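Below sits a lone chain in structure tokens, taken as the form predicted alone.
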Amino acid sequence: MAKLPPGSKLPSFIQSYHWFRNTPSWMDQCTAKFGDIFTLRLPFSPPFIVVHNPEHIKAIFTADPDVLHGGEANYLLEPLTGKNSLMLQDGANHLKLRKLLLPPFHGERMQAYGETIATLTEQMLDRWQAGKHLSVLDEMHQLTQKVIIKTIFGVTESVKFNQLDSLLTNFSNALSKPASGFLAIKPSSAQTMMAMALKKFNVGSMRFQPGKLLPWYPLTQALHELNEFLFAEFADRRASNTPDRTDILSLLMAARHDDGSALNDWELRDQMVTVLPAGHETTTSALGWVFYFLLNNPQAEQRVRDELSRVTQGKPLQISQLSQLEYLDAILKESLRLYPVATGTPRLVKQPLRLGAYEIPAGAMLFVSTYLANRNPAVFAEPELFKPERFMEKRYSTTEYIPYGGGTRRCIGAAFAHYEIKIIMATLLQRVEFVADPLVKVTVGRRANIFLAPSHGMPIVIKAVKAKAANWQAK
């Protein structure tokens, strides 16, 4: 039995360059040459095995949690998210914490945020004017950040709102700087040394800050200031004792471990900081891709506008009508199929694992490629084409279509993100006509050094903006 899948013979530093700088095209080249499982060799790294066959994906997503560790595979994120982050947990600890955190992101509680999302979208559109050139990613970044402040953090008072808005902007800007890019890089000895250095400087601490000459100082400082705000907010919430609050932070503060204890300040802080890049930049990038595909497929754009007119009869959309927007839902799914904002999800192999004809050794890193899995020609006919109708004709399994990962480590905010994007796009398409900026060619770029997004900020030109007819109705 072969020990490892085949892979490129190029020097490891060249493979590393392609992996980090040209991920989609490099993955396509490797798939064409080596098939649905192959090995990358990155500098100072264990074997890095890329998987995108549904059978292999199922084996990974259903494996014993003692055999594959998703949390340990994400260890380079610890200086950013903190050791308590859901993303860094494994085994029983991961399952317990996921069970504790999941309820606020689903069901009626999530749907209660719909009116807030739509109102914030309307406020954004009130600023848009015909003839104006806009960056979709910049506009959606500001919008989704405000959504997070109101629905996740539950901050509504104007002074606090503006303060947190400024803090999160500084955090996002610092995270996007090249010096912070190591957070997106898979393990190597040099990166490990950088992570260890950050831990030595204790990024999460409010008592110590590294010198300003360090290249990641802006990120360190942004986290320091955000921590101060969060800990003060936790104290205020406990002192005010308002059990009727429905924002996610308040719901998490009310949650209890199996022993009846509440999450402490650092547990709360780590989960809230995890939400920012995982639930903010991802949504921004996904919205950018929806615009990209609508602008490049005018028939699809017209069809979704016709659907909105038919469902709403020219009136403001109601939350209860969202489920009737089947084609809009299909457009979102197809956009995420072609360009899932996160290219994959890693697992560290703790015990030898058999995948088809290969015996994967302990210490290797498995990488389930969402990008490749969602373009598998054995699953999706004409996989390179934008065809939203495929999601109206067939229901794909949780190992065939995996834009949010899968198994017990599927993105905890997937339902919330999908719901948010549908509301934003439905509200926007009712009021705005737009075209692509003719002076810019959009390709594949990145946000926050990690997430795939349209390049150049996804520029558009506004053709027309209709006046708001009425406020959203939560019926």
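Please read all numbers here as calculations on a predicted model, not as lab measurements. Note that residue numbering begins at 1 and tracks the sequence as displayed.
The discussion below concerns the form predicted together with protoporphyrin IX containing FE (HEM), not included here.
Undergrad: With heavy atoms only and a cut-off of 4.5 Å, decide whether R409 touches protoporphyrin IX containing FE (HEM) in the predicted bound form.
TA: Within the cut-off, so yes.
Undergrad: Can R337 be called a contact residue for protoporphyrin IX containing FE (HEM) in the predicted bound form at 4.5 Å between heavy atoms?
TA: Judged by the heavy-atom cut-off of 4.5 Å, R337 is well away from protoporphyrin IX containing FE (HEM) in the predicted bound form.
Undergrad: Does G279 reach protoporphyrin IX containing FE (HEM) in the predicted bound form, with heavy atoms at most 4.5 Å apart?
TA: Heavy-atom contact with protoporphyrin IX containing FE (HEM) at 4.5 Å: present for G279.
Undergrad: Counting only non-hydrogen atoms and a 4.5 angstroms cut-off, does Y113 reach protoporphyrin IX containing FE (HEM) in the predicted bound form?
TA: It does not: once protoporphyrin IX containing FE (HEM) is placed as it appears in the predicted bound form, Y113 has no heavy atom within 4.5 Å of it.
Undergrad: Among V311, L100, L86, L125, which has at least one heavy atom within 4.5 Å of protoporphyrin IX containing FE (HEM) in the predicted bound form?
TA: Answer to the contact question: L86.
Undergrad: Looking at M365, I148, L355, A174, which has any heavy atom no more than 4.5 Å from protoporphyrin IX containing FE (HEM) in the predicted bound form?
TA: So the residue touching protoporphyrin IX containing FE (HEM) in the predicted bound form, by this definition, is I148.
Undergrad: Picking from 221 to 229, 396 to 404, 256 to 264, 133 to 141, which part of the chain touches protoporphyrin IX containing FE (HEM) in the predicted bound form when contact means heavy atoms within 4.5 Å?
TA: Correct option: 396 to 404.
Undergrad: Since the partner is left out here, which residues of 267 to 290 would have a heavy atom within 4.5 Å of protoporphyrin IX containing FE (HEM) in the predicted bound form?
TA: Counting only heavy atoms within 4.5 Å of protoporphyrin IX containing FE (HEM) in the predicted bound form, the contacting residues of 267 to 290 are T274, V275, A278, G279, T282, T283, A286.
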